[in-house]
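Here we start with a single chain on its own, the form predicted alone, put down as structure tokens.
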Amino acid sequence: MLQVGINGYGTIGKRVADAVARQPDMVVEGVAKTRPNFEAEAAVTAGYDLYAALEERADQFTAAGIETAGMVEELVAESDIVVDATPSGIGAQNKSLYAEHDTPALFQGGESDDLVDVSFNARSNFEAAADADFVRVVSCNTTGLSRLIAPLRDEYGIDRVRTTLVRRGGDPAQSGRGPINDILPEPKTLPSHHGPDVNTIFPDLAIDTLALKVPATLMHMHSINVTLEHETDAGAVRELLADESRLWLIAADLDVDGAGDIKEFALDMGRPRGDVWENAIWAESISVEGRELYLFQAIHQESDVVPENVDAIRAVLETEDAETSMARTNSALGLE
């Protein structure tokens, strides 16, 4: 069994921990938190060994009546690999800790690509992470774009991708994030960071991205135009994308109007936390004019990177190939 440590038990960390716990070849060695909040309570209730991330705050857990298994350094030493799910910028500070213990680590998309040996997307470059010391699982939006680009590139070739990203202002629990009543170009200059980030997966891809931030918390929305190298038709593209396990083509007869309906459907289907691990693509939005492909897709920012983290664990430790790992991850999560 692969022993996986989770450093950071917030929006991403708790989801990755639960996903790892469901895998037949992995066990959660423990999770680390900086302070004894409700998520620390939830981790203990879930049965995870809890480690204190900061020595100067370790006594706060005892004072709050929360038992810890030790310090984060012990968790790192006992783990085969660590998933760093700490806030952006903290992962870079933790890198020396992982190096000191010779423990490979996965970082999240908020960290710089310069921090790691390779940026990772399971569908696109699984093998590149083999035996790497430090791997970055790209952001939710880059994950969603990479999943879509890979099959189109394989089947038709791509001349250029143009994407407008309508981004949520914050996650549901991020009450301090905005905007409250505004629509912001972010950034005002082009491109947004998403295009260059996609290039960490597809270095030679021509991609233009611009982004807006809106007062919503549910999901991101992408308006996509891809210029293909070879002509096709909408029906063929729908068939191609429908064969991808992490692309969900929303049928017109489901009457799904937007992100709210997608989240409600996920809850009705029994998904934990209402998570949507796949790209949600409106099948009826797929249209083709010559070599120009257009579609809309929604990305659940809290969860779409979760299966990618699981696959990255196997990729780094070289226990499975891409196809086997993705199938195993999907089966364990019920993503089929």
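Please read these numbers as outputs of a predicted model, since none were measured by experiment. Start at 1 and count along the sequence shown; that's the residue number.
Not on display, but discussed next: the form predicted together with a small molecule.
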### Task
Choose one stretch from 149-157, 253-261, 104-112, 75-83: the one whose residues place a heavy atom within 4.5 angstroms of the small molecule in the predicted bound form.
104-112
### Task
Answer yes if any heavy atom of Asn279 is within 4.5 Å of a heavy atom of the small molecule in the predicted bound form; otherwise answer no.
no
### Message
Is it the case that Cys140, even though its partner is missing from this view, gets within 4.5 Å of the small molecule in the predicted bound form, heavy atoms only?
### Response
yes
### Task
Verify the contact flag for Gly8: yes if a non-hydrogen atom of it lies within 4.5 Å of a non-hydrogen atom of the small molecule in the predicted bound form, no if not.
yes
### Query
Taking heavy atoms and a 4.5 Å cut-off, does Ile313 contact the small molecule in the predicted bound form?
no
### Task
Spell it out for me: taking the small molecule in the predicted bound form, does every residue among Asp171, Glu302 and Val305 have a heavy atom no farther than 4.5 Å from it?
yes
### Message
If the cut-off is 4.5 angstroms on heavy atoms, which of these, Met71, Leu247, Val166, Ile90, is the one near the small molecule in the predicted bound form?
### Response
Ile90
## Note on the structure
Checked Glu284, Asp49, Glu39, Asp275 for heavy atoms within 4.5 Å of the small molecule in the predicted bound form; positive is Glu39
